[in-house]
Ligand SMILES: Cc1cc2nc3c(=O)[nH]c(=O)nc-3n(C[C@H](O)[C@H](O)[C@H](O)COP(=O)(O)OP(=O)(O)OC[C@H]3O[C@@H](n4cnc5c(N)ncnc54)[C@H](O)[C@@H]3O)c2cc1C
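Before any questions on how it binds or moves, here is one chain, the form predicted alone, in structure tokens.
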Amino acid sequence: MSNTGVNKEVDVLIVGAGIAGATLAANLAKTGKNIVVVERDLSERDVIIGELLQPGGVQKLGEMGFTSFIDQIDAQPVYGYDIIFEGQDYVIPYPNKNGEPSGYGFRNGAFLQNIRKHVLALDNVRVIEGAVTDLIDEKDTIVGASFKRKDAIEEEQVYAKLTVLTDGPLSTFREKLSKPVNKLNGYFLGLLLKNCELPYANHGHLVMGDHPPMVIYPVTSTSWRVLIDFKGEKPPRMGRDFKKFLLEEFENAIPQSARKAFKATVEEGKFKTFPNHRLPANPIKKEGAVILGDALNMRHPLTGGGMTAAFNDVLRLSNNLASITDFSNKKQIGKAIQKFYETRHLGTQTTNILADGLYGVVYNPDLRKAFFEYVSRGDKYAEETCSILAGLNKDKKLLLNHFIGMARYGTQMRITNSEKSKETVTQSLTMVKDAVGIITPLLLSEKPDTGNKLMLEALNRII
């Protein structure tokens, strides 16, 4: 383990050694900077989120030289999605052009321990297991943090030229460095299916219908993660009645080949829940500090885009800081942070919009049917949509074109397949209105200056 002592002042203090914080430490360490990381708990965690890394995230890991983090954890390649809708399905492969990578499913805790193991072996990084109690603010400048080591009583301080807040979705200090408007969408219930088969090995499965949506993907060679969405401000109540509810509501929706394993897992009752948030990025520019990852920005985890967004943040900030040789130069540090805040959306906006947009679609009966029929056309309707889901294509205008195109196609199909009554026309117009109502606030939360223009273009196309 790295030396856990603290110098009088270090170049960089990283608060939190989750996926974003640990990867940032590994990447910044390549520049020779003196780094301290404070993490509350260094033991392997058992969580139900962050277990699917989309190809775009794998790509960013590769750009940092860290694809080895996926090795030796029984990670499973993921080559695309099987979209399941009321007993029908359609398989969409990830793009495979110019050597673009596959995705991977794995246990998050094992993946994170690989990253931490790398960081703990670095000579210029010191890792402290303890809880940060406060950020040190002197004359409106963050100069470090106070913390308590694990099992310690006394507080200590670590001073740094740059403090990076990466303490994750349940961040304690995000209000010091941002103006969060955090919306709780509901909770994911996580189950682990063992020793079963799904219709398509090494694929994610999105299951939609007259029930809450489910996503299923492999996380080891013998297990599949199932995530079931539950809306509401409180997690679902567990117990025998809950087991009965799960079987009645979801057993027949699960693909036939996995129902036996699903029933066994439900009866075993080892459930985990995790809150699903929507948190648009709204940072406060504070000298000496920067915030990134889930501490700054979250989207619904339905599309598995969280780690891809985090690696985009890590790589972009690292690149901005790479050329700064003296971290005492506050002006250069400030410019690097400013550039990060002004440009980070280029790597995350389509991930955010698609995640929350698709979440709105799967809960709208008309739109989820339109979505399935739209991507089932194949060609660009499936391929380009999947390239955005994969985190490989970040064209926001393309995403908007497909989102509105899906609603218009659903409208066209409804009118074509039914009598052209006044009621049918009204219902069809409602479908388009619902789609615009879903996408508009998401566009406006991602750089409103360009979002307004794109929204007007979309409305003009509909008219």
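Note that residue numbering begins at 1 and tracks the sequence as displayed. As the structure is a computational prediction, the values presented were derived from the model and not from experiment.
A second form of this protein, the form predicted in complex with this ligand, is not displayed here; the remarks below concern that form.
- For the candidate set His402, Arg414, Arg408, Arg40, a heavy atom within 4.5 Å of this ligand in the model of the complex is found for exactly one residue, namely Arg40.
- For the options Leu389, Met307, Ile291, Leu162, the residue carrying a heavy atom within 4.5 angstroms of this ligand in the model of the complex is Met307.
- Contact check for Pro283: no non-hydrogen atom falls within 4.5 Å of this ligand in the model of the complex.
- At a distance threshold of 4.5 angstroms between non-hydrogen atoms, Phe173 is in contact with this ligand in the model of the complex.
- Though the partner is left out of this view, Leu398 does not reach within 4.5 Å of this ligand in the model of the complex, counting heavy atoms only.
- Heavy atoms of Gly168 reach within 4.5 Å of this ligand in the model of the complex, making it an interface residue.
- Relative to this ligand in the model of the complex, residues Gly21, Glu51 and Pro275 are all within 4.5 Å by at least one heavy atom.
- Across the options 429 to 437, 390 to 398, 58 to 66, 31 to 39, residues that bring heavy atoms within 4.5 Å of this ligand in the model of the complex belong to 31 to 39.
- Scanning 120 to 136 for heavy atoms within 4.5 Å of this ligand in the model of the complex gives Gly130, Ala131, Val132 in sequence order.
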